[in-house]
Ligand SMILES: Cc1cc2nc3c(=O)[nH]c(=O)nc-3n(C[C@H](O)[C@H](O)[C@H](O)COP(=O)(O)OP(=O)(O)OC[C@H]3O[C@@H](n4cnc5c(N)ncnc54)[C@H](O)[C@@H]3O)c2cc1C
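Quick heads-up: it's one chain on its own, the form predicted alone, in structure tokens.
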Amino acid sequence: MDTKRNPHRTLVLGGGISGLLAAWHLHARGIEAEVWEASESPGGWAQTLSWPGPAGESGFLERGPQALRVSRASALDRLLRDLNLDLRPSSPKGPRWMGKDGRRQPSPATFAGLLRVPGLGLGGLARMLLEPFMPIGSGAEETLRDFFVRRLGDGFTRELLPALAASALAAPPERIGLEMLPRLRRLEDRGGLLIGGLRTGLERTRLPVGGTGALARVLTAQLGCVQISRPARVLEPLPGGRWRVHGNGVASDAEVMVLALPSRPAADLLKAVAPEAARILEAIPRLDLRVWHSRHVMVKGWERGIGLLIHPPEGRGLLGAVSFASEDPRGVPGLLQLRTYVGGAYPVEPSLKAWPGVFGELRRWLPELPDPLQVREELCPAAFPLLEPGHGARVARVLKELPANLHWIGAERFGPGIPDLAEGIEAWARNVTFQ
């Protein structure tokens, strides 16, 4: 067994976006860091994968987010600038719809769409317009549903929020704790959704050249310290507060160990050294998601891309679908490339567990959709953490139970989106102290 020792080094276990960001910010502080990634490809869910077209043409799919949402002067904005990552601005969007009450209607993201939302009415619209005048302040265990009732009223929360939450977080709004959605909390701290948004600047959708996976690729290349195919199997405490990690035939010592892992793999490593922290992490629910990628003949009018949200439970487990714009370099020229989401916290009817059933449900909402030319399923087990009300207290207990010089970071701690991770890990690296 090859044992390496460096008395002034940090070892980051996990080469997803969390681990890469941690190493990046530690390096910026002059702290040596090495990253261990169990798979052959860093980036975790944020990877752009090759998917050739029907005739072998160059083509790609996104394993995770289709694009990045960037706010001015945010941690993600600073990171992208520091990396000199080439970004494409978002092009004008094509049709956006919501499926509700058995029919397709315009997206509520537009004023015309809001006017046509069944059940909202003029009273619901008037209540939404009062949002800037609503009192500021949320309770410690407020849910996402409670927050939007308080800020935008019952109509919005009943008629629109379930589909929006399902598409973004794959869970019902009443099961999501507001404390783990940092952007909403920051907006309210700055005056509410409208005023806070004006003060912080609107989010812009940006696509890195080469897909969202380019973020992980550029971080990996610039760091130069990422070891792939290097799983962590056992953590061992050493005298003087140091740590040793054992992998497959290799062990490495470090002054500081950072677990940039989802809750369950982190719990497996912590069972022997921090059993109570491991128990708490194991109890965090994680949601499985099925993602179907399909290519079709382009539909006239859909060239700029489409988006469909389904109001649960009307999709019977289908949450929504989104397509690339025709000029998107990740797609195959002349074809519509669709990405369809199924599952999360919602029951999935047996017929939707295979492509024919999924396609049949899609055609119920998108009758114009032609038969597929290509189909590919990407299983995403435990892809989404379900951050329930009270989750912040759970995180605090985990951190209290960790031994000295052992840190845990990731989506369960800072929030599920890349902007949340960028913000949280930047602050963590700036303030972390090593004992």
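Note that residue numbering follows the sequence shown and begins at 1. None of the values given here were measured: they were computed from a predicted structure.
The form predicted in complex with the ligand is left out here; the points below concern that form.
If you check the ligand in the predicted complex, you find no heavy atom from any of G99, G315 and A321 within 4.5 Å.
Exactly one of the stretches 362-370, 22-30, 42-50, 387-395 approaches the ligand in the predicted complex with heavy atoms within 4.5 Å, and it is 42-50.
In the predicted complex, C225 stays away from the ligand, with no heavy atom inside 4.5 Å. The ligand is not drawn, but in the predicted complex it has no heavy atom within 4.5 Å of M128. Interface residue remark: G307 is not counted as part of the site for the ligand in the predicted complex, having no heavy atom within 4.5 Å. The closest heavy atom approach of L85 to the ligand in the predicted complex falls outside 4.5 Å.
Only one of the listed residues (V70, L61, L406, A383) places a non-hydrogen atom within 4.5 angstroms of the ligand in the predicted complex, and that residue is A383. L261 is the sole member of A216, M257, L261, L178 with a non-hydrogen atom within 4.5 Å of the ligand in the predicted complex. Although the ligand is not shown here, in the predicted complex the stretch 210-231 places heavy atoms of R230, P231 within 4.5 Å of it, in sequence order.
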